[in-house]
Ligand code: UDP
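Single chain ahead, written as structure tokens, the form predicted alone.
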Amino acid sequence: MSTYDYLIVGSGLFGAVFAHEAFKRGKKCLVLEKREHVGGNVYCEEIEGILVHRYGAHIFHTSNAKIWEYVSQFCEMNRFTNMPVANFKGEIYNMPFNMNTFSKLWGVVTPQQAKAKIEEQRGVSQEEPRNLEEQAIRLVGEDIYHKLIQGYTEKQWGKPCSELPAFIIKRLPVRYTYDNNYFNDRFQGIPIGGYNVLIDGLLKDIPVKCGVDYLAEREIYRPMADKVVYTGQLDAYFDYAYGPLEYRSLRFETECLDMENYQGVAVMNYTDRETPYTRIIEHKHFDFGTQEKTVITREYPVKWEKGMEAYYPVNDDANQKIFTQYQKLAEKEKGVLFGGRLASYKYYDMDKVIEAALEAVSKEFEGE
């Protein structure tokens, strides 16, 4: 006899939501987490009274009122609005591309002037863009591409833009208003007290074991439950039978500074090629902090290798073909549900992860 109805591998948003909903329906669940803490990439830690986003900036945003209400059961959201700035060799530009950006770049004042300037720089080629460079210039012109896209993107992906597929930048947000709000979504904020409050609320009364590598110990844990919800890497689950999928990873360099305010904004992107990191996060600004000290994190993109944290899937044609092969194996795997960012080999915003988890719950418990 199994001890549990569900073994949930991974305590990020997908795993935590599924566990909560299954538990609510009277199912016995055990959550296994490879890291020494719950919450996956949304985990926060406290340094000098400042909540630090350990694995990069996480700003919750959605246009789905039901998802906003769902999250608000477990935590209260603050009023943080993401308004990052771009730093190109000391020149500061507002993001996303809007009238403040265009005014700083070209001295234009009206939307008509900005549109004319972009149109002038876009080129007239009717051919389909062959790579990311051509796609970006087609969308926003030469100046914006060279100052605000090229260096950042090449650092992020570890390749020249001329060698990256065009689909990575299908569209770029361009606003002809003086609006620095990065997201268009109706709801936006960060949990007061950090994302740990949300995760702890979801996992309340559910047993969790941290520091457990399920794949290394599956012979021990698999017999303990009727079903498994697996949220890790799909290629790793199948022992890389078709070879590893490609990812990009990140390295974080966090520093506590004896000053009240380092950069005046939560997120500053460094868009030149020479600066080795892509951005600096100053965490206290997520919570409108007034502490005497501040904590910053420099974010360095790095080439992913087995054993490293996988942050961004490289969804080119070659990797998608491999992923399709793994998906076919997953469909045949009995008693295992696959979900979340890694198992789906897809970059998900947080609201979309929660939506996907609730859809999986609805499908799993249909008719109950």
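Small disclaimer: the values here were computed from a predicted structure and weren't measured. One-based numbering along the sequence shown. Note that the rigid core is defined as the largest set of C-alphas that superpose within 1.5 Å between two forms.
If you look for the form predicted in complex with the named molecule, you will not find it shown, but the lines that follow are about it.
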> If contact means any heavy atom within 4.5 Å, which of 290-298, 67-75, 155-163, 112-120 contacts the named molecule in the predicted complex?
Replying inline: 155-163
>> So, Ile169 and the named molecule: in the predicted complex, are they within 4.5 Å at any heavy atom pair?
In response: yes
> Even though the named molecule is not shown here, does Lys284 get within 4.5 Å of it in the predicted complex, heavy atoms only?
Replying inline: no
> Applying a 4.5 Å heavy atom distance criterion, does Gln135 contact the named molecule in the predicted complex?
Replying inline: no
> Applying a 4.5 Å heavy atom distance criterion, does Asn269 contact the named molecule in the predicted complex?
Replying inline: yes
> Looking at Leu245, Val228, Leu148, Leu202, which has any heavy atom no more than 4.5 Å from the named molecule in the predicted complex?
Replying inline: Leu148
>> Can you pick out, from Val265, Met95, Ile206, Val140, the residue that has a heavy atom within 4.5 Å of the named molecule in the predicted complex?
In response: Met95
>> Going through 314-351, which residues have a heavy atom within 4.5 Å of the named molecule in the predicted complex? Please give them in sequence order.
In response: Tyr347
> Is Val229 one of the residues whose Cα moves 2 Å or more between this form and the one not shown, with the core superposed?
Replying inline: no
> Aligning on the rigid core, do we see the C-alpha of Leu132 shift 2 angstroms or more between this form and the one not shown?
Replying inline: yes
> Relative to the form shown here, do the C-alpha atoms of Lys117 and Arg171 sit closer together or farther apart in the predicted complex, given a change of 3 Å or more?
Replying inline: farther
